[in-house]
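A single chain comes next, written as structure tokens; it is the form predicted on its own.
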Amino acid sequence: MAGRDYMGIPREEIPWYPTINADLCNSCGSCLDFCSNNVFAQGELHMEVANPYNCVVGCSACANECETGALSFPSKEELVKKLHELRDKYKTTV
């Protein structure tokens, strides 16, 4: 899904994707089963974020599926601030 835009902003410039705490991840695969955008993959030791920019901007529903709390996202406030900065950079109306 590389090369996609989000509201006129290149998706690769929006730092919105999950981070996996390897110390908490038990490799159950619930995130992999839940996400239909192929964001996750099974790694050697634990789950990995294989395609971060496939993550839907603003969506963090997979974190609710993780029983160990291993998934985290930037705050929504950080996302909004970044989108405003990028909107100014790309002269879009977000």
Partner chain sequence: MNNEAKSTQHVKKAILMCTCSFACPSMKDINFGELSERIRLELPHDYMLLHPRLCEENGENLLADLLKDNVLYVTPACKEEKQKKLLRDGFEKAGVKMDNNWKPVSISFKNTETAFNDIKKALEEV
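Small disclaimer: the values here were computed from a predicted structure and weren't measured. Positions refer to the first chain, counted from 1.
The next section is about a form of this same protein that is not shown, the form predicted in complex with the partner chain.
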*Taking heavy atoms and a 4.5 Å cut-off, does S60 contact the partner chain in the model of the complex?*
yes
*Does the partner chain get within 4.5 angstroms of any non-hydrogen atom of V56 in the model of the complex?*
yes
*Is there a heavy atom of S36 lying 4.5 Å or less from a heavy atom of the partner chain in the model of the complex?*
yes
*asked:* Using a 4.5 angstroms cut-off on non-hydrogen atoms, would Y6 count as touching the partner chain in the model of the complex?
replied: yes
*Mind listing which residues of 67-81 have a heavy atom within 4.5 Å of the partner chain in the model of the complex?*
none
